[in-house]
Every structure is written in structure tokens, then in C-alpha cells.
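Starting off, we have a lone chain in the form predicted alone, written out as C-alpha cells.
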């Protein structure tokens, strides 16, 4: 069995806490972008909620919402030792330890259990979902009867009798799959199920073996099949077992059964040691490209690694028809839907560390462009309107109403009004092109997105003859507390940017096939420029503040209260949503986010004035907020505030700061945490076609080191409080900026003193 990595690479649970079972299931999730398996205990407990997700396998629920379908669980084991079944609700746990080893991508479990008859059994397991071989997983273990000899029965099954919660209460469940077939295949077993609505087939096969003589039987139950191994165990003797698993869906193969069973036969022959070693090697190679090293602060180092580990697990460079859901492949939150979170918060991490994966994520948007066109048409607009919540087809899957069995109905305006997602997707497209210079992607795919989103905004804005400006009415910005807003600053500015950027690229590539196919005329391009130039931006010249939306300055100046967790508290008498909308309180940074994304359009003084104005009203009720504030605080000279917000972002899941980690991983916050380090503390930005760095390390850190990919070249950056050292991986020459001065770097380290920021 593999030895565990150093503590700085490990997240460990030292004692069994039933009430925290689902919290740790999220933290201990193993995934590879194709499949996600929550970190449920292999031993059944009534407090757990095993979830297995296949990216792209969506189904409609009883509430008419499209959601990721909870697929059969292949991880479960059941151990009956001398007629007593291991159960955490019976007997006594003498020892309990679970460790997520992030360097090696494994989940380790160790228990010592004393039965009601005082018999002690020790069991250790290692679980993995192969990072590169997307269809392979295993649970390897060792067990020992410490103070008895007797018969032991080990049952390892595939359980298709699994449910998803409805989002209202854990008592209401949905079952997405119906049984197609289950069968014995030699020493292996196979279970095949199909989603009710989308008709996607999922097939899983397992084989369990022991390093001793045993009798094998097969057990059947409702939507369940298992191998049952019976053997005689001697006191004090250790026994090894391995449960191999393979899994396929009809999204990726025509013959799911054959693919699963053939792959299972292959990996059983290869053996668990080879599977384990190739998986670990894949993780080591991955970390070589994405790891960030922090000297002087162990808390920050481990927290950052946790975020990067799970972010890596969410993405699949081999599938251009899936994106990353807001909760990853880690839980049921937001039903597995993709939001603007992907392009604004997660995509930069992949652009700079794994451009192939970044392209796949953007190709998902291209492949759902027809769905976006349908959204626009249904809304009465032109072009393409990317969905606020997107699943497999790109059509809007955010419900307009939520109704509960108790007669409550909640009206949701977001899908009708939170249109900034259209520009956010476009922002990701152009960001990717600037950082990679992937001309093939731009000309064949990205340019079409630019054009169709510009057409959306051209139809969404209308001309107000009184003020002679284009206005955009009835929207919701990133803030989200305030609805039906007119001329919302973030939305209008991003629409302006979208129109102008699309016009510039359409003009530059007017001879391209895409421009010809979409029949983009010079008059249309000029109209985009005209609208962009005349979009209303609300700005108070005297104070230097951008008004978040019309009438915002007239709202009540509510004072937020401090709290132990560091997130501001809303006074109890104002927590009613209707009342809160009458105040200046905002859910997350809105104007401040704009000043980060389009930073070169605003002066440092403007950024500072607006940060100072909006920060006291920001409640940080979204996990997306702290990273943005950290980055901007770094840029305007507020190092302590920047570091406080960084830690909030980095530890949202580890500390369960928002109380909802059990429903899944905060993927956007993870991506934002990476940006807080690289774009915030390291001060990295793109300007004039070059990378620039203006570092401001937290005083708690001694050194920061990370690697990035820039326009096809690998760059290593090492920063202290006094110097920035950079070099290229392959020896190629790259020109970068460091606090205003340009430097040519090669394979040799070049160190630049950090004088006063310019």
C-alpha cells in the first residue's frame, strides 16, 4: 500500500463525526473530469450520501429541472466478521482516520472496529479514480482480525438504487435511472442502467479478489448486484483485497457493456500496483505544471493546494461537450449546471496551466451555441444568449419558478435578467486567444461567438432619445440582491466591451469564412461601434464613483455587522429579501469586479475610490466575492485586506464558511483563489500583447513560485519581497514586463530588483 505524502499535501479527518459525513464526502471527492465520486465511506452509514456523476449525463427530474443524474455507486463494501457486520452505528470505533492525499490523488481510510461481541477488526483501504485512464477506478485494501479467527464475508457490489435530493428537503428524492440489465461475467459483475428522460446508458463493471482461498457467490437485490466472497481468516493475519471498477456511458461508446467488461478484464490483468503507480505518476506530472509553492505560510500552501487539486479534477480536456458545474462533480448543488463561473473564475487557471483543457471548456460554449440562439429567440432578441444555467444543450435550465410540496412558490427573475453571462463567455474567448494566440480556434469557433453575442447586445440595448444614449433595462448584475435594474454598471460596461471587441475582430478578419457565413456587413460592424460608444455609463464626476445602477445612490446606507467567520452579517431586521433590496447592501463585488476584468480602462485612483465606497456594503454572501476583492485590494495598496480576502476564498470549503460545502465544491472560488495569487499578489496582467508583473507579496510569505503557459511557452516565476526571477522552461526567449520595465528572459534565470511600484 502506498505511503502517504507530507502533511502539507494531505487533508485528514482524525475522528468519525456523523453530522459532518457529507461535508467530508465533498472534501474527499475523487474525480477525473469524466466521472466524479464523492468521498463516501466504503462502509455503509445512514449519514452518508454516495454520489457518482458522469460529466454530461443529465436527466430531467420530477420538478422539471435538468440535473446531473446520480449514477450507480461502485465503491461500496460490506464486511461481516464472524457473523457481525461492520457498522458505525453498532459496536465501537477504536481508531478512525481518513486522508485525502492530494499529491497522489488517493483517498486513504483506516478503521479499527470492536464488535458488540468484542471482536476487533482492522481495515485499511486506498481508493482512486484514475486521472488519465478515465474509465478506471479501484478500492484496494488490507484487513486483519486482531483477536479472533473465523469466517469473514466480504461483499462488493454495484448499487443502482440511488437517489438525488430535490433541493427542498432531504426527505424528497428523485431517481434518475431504471435498470436495463445486470449479470455475472465470469468472476466479474456488470450493471447497466438508463436515465428516464435523456435515455443515456451507464454501464459499470467490478471484480473483487482476495489473496487467499475463498468461495464466490453473486447476490441480487433491487437495482443491485454484488460479488460475495467468503473465506476463513486467522487471528493476526493480514489479508489483501482489491475491487476493480470500470465505467462507460453511451455518450462515449456504442457498446457500453463490451467496453466496460473488456476494460475490466484488462485492468485485472494489469493489477492494482500498475494502476496505482500510473495514476500517481499522472498526478505528479500534473502538479509539475500547476503547482504553486509558498514559503513561510503552511496554512496558505495547503489551502491553495486543496483548491487546485479539486479544480484539476473537474475538467476533461477530452470532452468538448461538457463544462464545469458550479459545484464541480462533487455534489448536488445547482444540479450540475454551468454558470458564468467557468469563464470568469475558472478558465484563467486552465488558460495559463493547461490550454488544451481551456479550449475544451470554450468549445462547450461553441457546441451549445445553437441552444444560446434559441434562448435569444425565445427572449425576443437577436444573436446568441448564453444561458444563466447551462446543461447539455445550452438552453436555459434555470427554473423561472420553484415550487415546494408545501405550497410555496418562489419566482426567479435571474434567467430573464442576468444577461451579463453573454459578455462573460465572450470575455473568456478573447482572454484565451490573447494568452495562447490560438488563431485556429479564433477563426473557426471563437469569432462566431463574438459575432453572435454582439448581435445579442445590439438587440438588447435600445436608444433613449431624451438622453441620446443606448440603455439596457431590467437586468440583474453580479450583485444579485437587486433585481429589475436599469443601466447596471457591470452589465453595460461588459456589453460595451463585447460590442467593441466583436467589431474589432470582425473588421480584422472580414475575409474569414465565419464572417462570410454569418453575413456580417460593414454597416453592422459600424452599428456595434456606435452602440458601444453611446451606451450609458453612470458615473459621478464629483466623487469618482460608478453608480451600480440607476437609483443605487438613493438607497438606504445600511451598516453591516462583523462576525466570527469574517464575513459581514446583515442586521436581523433587514434579512428579509424585499427589505434588503431597498438598501445599498450587495451580495458580492459588482463594480469592483468590473475594475478587475477591464482594469486597464480605469485609473488606480478610480479603483481605490470605488473599492472604498462599495466594500462596506458588500455582504460576501457568494463564494465568488472574496477573491475579486483580494485581487483589487492588492492592486490599490491594501495588503492586509487583500490577504484576509484571499484566506476567505481559499478556505471557503475547508472551513465550510457558507455552511453548504456538503452540497458540493465551490469551483469558482477555487479558480478565483488561483487568480488572487497570480493576478493579485504576483500582479500578473496582459497589456499590449505582453505579460506584466507588479508583485506585492503578503508579509506572511517569504517566497512565491509558480509556472504558467504564455503563447505556447512555459515560464517559471519566483518572487520574494525584493526580487522577481523568471526563466523559460524550454529556453525560448520571451519578453515580459516587471514594474514597467521590459525584460527578455530565456532558459537562464534573470533576476529583477523590485523597486517602488509605478
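Residue numbers count along the first chain shown, from 1. The model shown is predicted, which means the values in this text are computed figures rather than measured ones.
Although not depicted, the form predicted together with a small molecule is the subject of the following passage.
At a distance threshold of 4.5 angstroms between non-hydrogen atoms, residue 587 is in contact with the small molecule in the predicted bound form. The small molecule in the predicted bound form comes within 4.5 Å of a heavy atom belonging to residue 326. The small molecule in the predicted bound form is approached by residue 624, whose closest heavy atom lies within 4.5 angstroms of it. At a distance threshold of 4.5 angstroms between non-hydrogen atoms, residue 334 is in contact with the small molecule in the predicted bound form. None of 340, 528, 505, 364 but one reaches within 4.5 angstroms of the small molecule in the predicted bound form through a heavy atom, and that residue is 340. Scanning 318, 240, 473, 480 against the small molecule in the predicted bound form with a 4.5 Å heavy atom cut-off leaves one residue, 480.
Stretch-level contact check against the small molecule in the predicted bound form with heavy atoms at 4.5 Å: of 106-114, 606-614, 487-495, 326-334, the positive one is 326-334.
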